[in-house]
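Single chain ahead, by itself, as structure tokens, in the form predicted alone.
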């Protein structure tokens, strides 16, 4: 089968064998914001035309923002709880064979405010070993997701705009003026994590990234890592208050460098965590496809 991880900025394709192993993979800068005038079929052909030509029966399954309002087709969200079998695929005939889109998930908090994910559900379902494991999952990024799985179902999640907030503060505020260099500064990062998860409000604490450097108490080469740690520390403190089982093992899924930052921050916070094996998205594609009957069991 062909699995497509089609996000906002990039497209990644996986040629997946009958046993779920990845036989080959490719990527292109063809995210939904890069594809002009709805030319998604052409983008898919450019990425995987030879794979598709070699097998006219090859099923295609797609996850991510390609199923959003700005994507190929808008696929309705599925309410929680949800597992691989509960993600009813949306089949679309706008190609030379059907494309099966994986729906995103939706949930409402205690105040009735909605939250959504597209693509992360596939990574969660593919993160564990032979099956979806109960526990907490963390998917760091521009919009970091925390999720909880119980009895094999995703039962809760929430979103933190930590990554996007860091980029905005670094690039468009006075805090960025104090930042020098790109070297990692573990001491400054640790200091930020500890301060960020302490008592008090995050908005008030943010200005410390300027004042500590201004008074020579934080090296300018460490301001970026300090601010990153402060924001991640604040996120961890908020998440601890929201999850049902604070302190239980967390599975981190995502970019290796960013995952290591979160692993370090969680260790500082005394929260056990581990990084998921690579290939979660492709395994998720395969498991969801099998549950939907696209592949033999």
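Keep in mind it's a predicted model, so treat the numbers as computed, not measured. Residue numbers count along the first chain shown, from 1.
Separately, the form predicted in complex with another copy of the chain exists; it is not shown, and the next lines address it.
Q: With the distance limit set at 4.5 angstroms and only heavy atoms considered, check whether 109, 201 and 210 all reach another copy of the chain in the model of the complex.
A: The answer is yes; 109, 201 and 210 each reach another copy of the chain.
Q: If you check 91, 159, 88, 221 against another copy of the chain in the model of the complex, which one has a heavy atom within 4.5 Å?
A: Of the listed residues, the single hit is 159.
Q: Can you pick out, from 234, 60, 265, 253, the residue that has a heavy atom within 4.5 Å of another copy of the chain in the model of the complex?
A: Contact check passes for 234.
Q: Answer with yes or no whether residue 65 is in contact with another copy of the chain in the model of the complex, where contact means some heavy atom within 4.5 Å.
A: Residue 65 belongs to the contact set for another copy of the chain.
Q: Spell out, yes or no, whether the shortest heavy atom distance between residue 217 and another copy of the chain in the model of the complex is within 4.5 Å.
A: So residue 217 counts as contacting another copy of the chain.
Q: Whether residue 69 contacts another copy of the chain in the model of the complex should be assessed with a 4.5 Å heavy atom distance threshold; does it?
A: Because a heavy atom of residue 69 falls inside 4.5 Å of another copy of the chain in the model of the complex, the answer is yes.
Q: In the model of the complex, does residue 175 come within 4.5 Å of another copy of the chain, counting heavy atoms only?
A: Yes, contact at 4.5 Å.
Q: Quick one: which of 132-140, 164-172, 179-187, 95-103 gets within 4.5 Å of another copy of the chain in the model of the complex, going by heavy atoms?
A: Every other range fails; the passing one is 164-172.
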